[in-house]
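Consider the single chain below, provided in structure tokens and representing the form predicted alone.
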Amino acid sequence: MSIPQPSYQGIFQRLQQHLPGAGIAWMSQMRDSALATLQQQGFPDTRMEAWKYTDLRSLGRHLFTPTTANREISTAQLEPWLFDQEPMHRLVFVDGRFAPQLSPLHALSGGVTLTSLAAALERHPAELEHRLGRTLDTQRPGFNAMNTAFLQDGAYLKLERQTVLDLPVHLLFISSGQTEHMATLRNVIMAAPGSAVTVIESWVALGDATCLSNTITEIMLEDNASLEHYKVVQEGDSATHIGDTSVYQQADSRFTSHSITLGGRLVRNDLDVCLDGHGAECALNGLTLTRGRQHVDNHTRIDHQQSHASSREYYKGILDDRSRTVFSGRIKVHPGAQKTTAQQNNHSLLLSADAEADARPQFEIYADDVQCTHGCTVGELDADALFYLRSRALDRESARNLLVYAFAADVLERMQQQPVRHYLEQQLARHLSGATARLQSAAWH
């Protein structure tokens, strides 16, 4: 049940001595095992239930290769993604490799470790031996193995007990536009009891190229730790982004996720949360804007392992042209997880008769004292609301854009980081103006 693909054995043999941790025995063994798994599994195909809507056959026609040298870019090229130059701790990665000259760090307290994963492997190999892969799910056959075998770099963030980081941490991942390039990145975030931080991941492209981003973010939140996590995907029009965010929460911890997809030919975001502590909370918010023939999958899985935990999901999609989105949300309440509260909502707005939105809400409940609800809608703009706005002297396109903007703003308003929210509001406005231009062009011709 996998897609035939070119062999990555030769690429691995050529690059393995240049990859981080090459001299560490356990890391080398992990890479060798992962490569063997990749060669055996390949990439999943649509016969697998978790991938039935994600057609990856195009990946089998390319042999993606990690780069071994940094490609020089200027600080001026970063400006579009710096959120109005707001002060932040920032790590920049270009084509999967850390760029220290582009990564300003403000003064950090003694309770914070923030560096590249490659540097952490060099300085703290024993600590990472028992951390890498600890939270990963098994729903990404092939991709987890590829990420481990070809792991280039990523961010390493560790907060000591009661450490609160006032400034956000911005992780900026840039694709410079190299054809058939592969970026395999792993972020590791560990928050000790009582700590708090905001982390922003930006995945952007300087040009349009057929390339692959295979990403994993592992998050471990101990008792009463708090993390607000943003992921903004703005890859190129020919790019594939396969990303996994895996979260493990202990008692009274709080995790808030904002997953925003604006660009990429094929994007899949997997978000797995394990609530393994009494009173743990998570809130998952998502917004997807698609056009052309874009395909975006959002797959969320929440495991309620302990009692008195709560989860809230709120995902929205806006689809234009011949684009397609998939939302698959699975919530499992384990035996003994009494007093669980779980809410799931997914709403999709179709701006074109050729767009398609698929939704699969799923609940598995093995406890009897719970409050679990879900809601799902797929539809077009409300004709009565559109008529009402036009009766107030708005032309059709202005009325349409206002309604679409209000539909998306409901997600953006949940964000605590004003610079990020402002940036996304601007991107939404550009998206809507582009849609209007395409409609006008179609009408003219």
Partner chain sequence: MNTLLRIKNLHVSVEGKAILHGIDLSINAGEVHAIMGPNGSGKSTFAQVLAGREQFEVLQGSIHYAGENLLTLSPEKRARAGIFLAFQYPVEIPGVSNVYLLKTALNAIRKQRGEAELDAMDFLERVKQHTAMMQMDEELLYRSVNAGFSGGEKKRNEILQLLMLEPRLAILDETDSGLDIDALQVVANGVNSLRDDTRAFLLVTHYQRLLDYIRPDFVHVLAAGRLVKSGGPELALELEQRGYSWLKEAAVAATP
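From a predicted model like this one, the values you see are computed outputs, not experimental measurements. Positions refer to the first chain, counted from 1.
The next section is about a form of this same protein that is not shown, the form predicted in complex with its partner chain.
Undergrad: My question is simply whether residue 390 lines the interface with its partner chain in the model of the complex - judged by any non-hydrogen atom within 4.5 Å.
TA: Residue-level check for residue 390: yes, a contact with its partner chain.
Undergrad: So, in the model of the complex, is residue 395 in contact with its partner chain at a 4.5 angstroms heavy atom limit?
TA: Flag for residue 395 set to yes.
Undergrad: In the model of the complex, does residue 384 have a heavy atom within 4.5 Å of its partner chain?
TA: Contact with its partner chain, yes.
Undergrad: Within a 4.5 Å heavy atom cut-off, is residue 36 in contact with its partner chain in the model of the complex?
TA: Residue 36 lies outside the contact set for its partner chain.
Undergrad: Quick check on this chain: which one of 48, 403, 30, 63 has a heavy atom within 4.5 Å of its partner chain in the model of the complex?
TA: Going through each option in turn, the one that passes is 403.
Undergrad: Heavy atoms within 4.5 Å of its partner chain in the model of the complex: which stretch among 36-44, 415-423, 375-383, 64-72?
TA: Every other range fails; the passing one is 375-383.
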